[in-house]
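Provided below as structure tokens are two forms of one protein chain, presented individually as structure 1 and structure 2.
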Structure 1
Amino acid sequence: MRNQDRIKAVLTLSPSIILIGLFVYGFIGNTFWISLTDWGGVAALAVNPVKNYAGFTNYIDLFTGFLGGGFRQDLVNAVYYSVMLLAGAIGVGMFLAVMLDSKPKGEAFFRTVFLYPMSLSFIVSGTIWRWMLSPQGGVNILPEYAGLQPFTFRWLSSTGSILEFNWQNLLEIAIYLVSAVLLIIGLRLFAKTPRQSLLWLIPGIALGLFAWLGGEMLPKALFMEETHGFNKATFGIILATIWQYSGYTMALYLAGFTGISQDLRDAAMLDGATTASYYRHIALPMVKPITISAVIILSHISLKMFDLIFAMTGPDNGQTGHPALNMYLTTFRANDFARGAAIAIILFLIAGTFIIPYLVSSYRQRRGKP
């Protein structure tokens, strides 16, 4: 009986396993293989392009080559973009959800209004925001209605950047980051288990000191100085994305808050909790799974972002570039399929670092339950 079940299970599952294996993992593998070749050189679009194995040349060029500067800036942009989008969309979404959770008049109406941007396609909202953020119109001339000077900030075309760092010192910066993470974990443990926390604190301090004192001796990631930073021109794009996605996080949180029993809230209030402390100590910890899934969804949306940026600043605006845009242009405009595949694999790996831990932990949780 058990055996028969097993056979049935295998039979019903096998079509999807084969299809997914072929069309998802097979193609990922194929893309990876292409990224290791030189794909035809100049005659890239021949019927049977010549593909020579080239090892990791494409990857090395992207990270340390003279001409990979654009890609490196795109990567830095993507990191800043993800962080700002996460902070913005979750912050604004949470705020709206808390506001609506107190059931003000017209709650249903506002809920629809805030969720509405989600239903627009990125191309539409990108075009609208492009107009809104144009240098001599839209948002910038709003103060004129109040009789003030118009803004002169160039939302999508500033050339300045802040938080700059030298790509040469990438290794040093990475060590600092690791040491910072170790220190934070250590300090949080310190109150509970001082002895265990030393296991985190000591290597953290050692790494930090090492990077501080020996940073000069670390190998340089690049042969020349190249600064990258947070380009101010990406502000406009971040603003548009937050506008579009905060309604979505609001809906997520609102669903979570509604799921919390009213008794719990009443009990907390009886114990003298204010509204702020109710949310801080009770509601938000209870919707932690929602926060985690919002982080996962938003971070990989920001890594795959293409259409919004394309609609807002077009293909060749290095200031607001994004690896996904770069991948498309490298592949389909410059006909450099191998390099494009390499960018695709890098993006895939970065997205994987967000999603795989999440999948593993949720799998474990499910296994843990009977």
Structure 2
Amino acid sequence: MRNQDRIKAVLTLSPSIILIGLFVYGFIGNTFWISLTDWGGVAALAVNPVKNYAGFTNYIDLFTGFLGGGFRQDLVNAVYYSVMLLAGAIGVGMFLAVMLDSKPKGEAFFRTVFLYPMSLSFIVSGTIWRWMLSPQGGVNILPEYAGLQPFTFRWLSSTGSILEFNWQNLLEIAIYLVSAVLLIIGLRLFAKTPRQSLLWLIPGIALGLFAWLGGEMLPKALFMEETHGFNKATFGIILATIWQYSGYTMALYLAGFTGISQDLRDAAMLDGATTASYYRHIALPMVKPITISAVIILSHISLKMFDLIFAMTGPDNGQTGHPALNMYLTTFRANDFARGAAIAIILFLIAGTFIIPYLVSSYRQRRGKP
């Protein structure tokens, strides 16, 4: 009977597995192959275009070549987009969920209002926010109604940057970031399992000391000496994205808070817990899986911010660029299909760094492993 069930399961799942293998992983593999060629140029759209194997030349040019400077700035922008979206959407969404969890008057109305932006497409919301953030109108002229001078900040066209760094120091910065992550994990484990925490603390300290004392030994000549930073023109796009997805994270947290037993909350209050301590020590730790899911989903969304940027600033504003937009322009405007495929693979790998650990963790939890 068990063998028959297995055969039926295999026969049932085989069509889906074959289709996914062909139309998902097959196309990913084909994209990776294209990225290893020189397919592009004037003859790229020929009936039988010539594709010569070029190895990892496209990837090397993107990270070290002179013409890859725009992509590198877009990659830096993507990091800031992701960090700001995660911090803003999760922070605002969590705050709104906590406020609504206390069941205020008009809760259903406010929940609908906060969740409404999620129903809009990026094109629609991008167009609205472009009008609102216009330098000569929108929010900039609000002070005039109070008899004050209007704002002059160029939300979507500012050329100033902050948090600038030299691209030649990329390896050193990456080592510092890895060291910081290892130290944070180790310090969090120290109170519960001091021995296990050393497995994270020792490598973290070693990497930090290496970057500090031996940073000059790193091969900086591999990278161009150029300055990149957080462009102020991205503030408007980040603001619009947080506005659109705060309601989504609010709904996630509100569902998690609703699932917590009221008896548990009442017991905490009887023991002298305040509302703040209840959420800090009981509610938020219990909805940790929701936080992880929100981080994964929003990180994935931040890597696909094509339509919002296209609607708000257009395709030719280099200050607000994004690798997804760069990939579109490189592939379908410049007809450089190999280079565009390389950008797509890089985005795919970055997305995998967020999704794969989450899937592995979920699988281990189902199997009952720590």
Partner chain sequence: MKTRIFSTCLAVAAATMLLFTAQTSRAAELKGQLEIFSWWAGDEGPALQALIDMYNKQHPGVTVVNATVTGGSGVNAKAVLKTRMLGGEPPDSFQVHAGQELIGTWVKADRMEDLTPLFKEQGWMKSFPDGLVKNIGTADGIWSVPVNIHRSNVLWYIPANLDKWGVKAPASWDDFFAIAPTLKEKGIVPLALAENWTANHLWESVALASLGADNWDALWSGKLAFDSPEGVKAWELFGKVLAFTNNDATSLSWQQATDMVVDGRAAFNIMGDWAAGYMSTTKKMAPGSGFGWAASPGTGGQFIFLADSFGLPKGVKNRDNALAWLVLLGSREGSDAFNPLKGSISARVDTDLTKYNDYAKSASADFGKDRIVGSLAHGVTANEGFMSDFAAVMEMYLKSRNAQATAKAAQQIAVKNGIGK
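When a residue number appears, read it as a position in the sequence of structure 1, where counting begins at 1. Basically, rigid core = biggest C-alpha set you can superpose within 1.5 Å across the two forms. Given the structure is predicted, the values throughout are model-derived calculations rather than measurements.
A.B. asks: Which number belongs to the form predicted on its own, 1 or 2?
C.D. replies: The chain shown second - structure 2 - is the form that fits the description.
A.B. asks: Taking the rigid core as the frame, does L182 move its C-alpha by 2 Å or more between the two structures?
C.D. replies: True for L182: a C-alpha shift of 2 Å or more.
A.B. asks: If we fit on the core, is the Cα of A191 displaced 2 Å or more between the two structures?
C.D. replies: Passes the 2 Å threshold, so yes.
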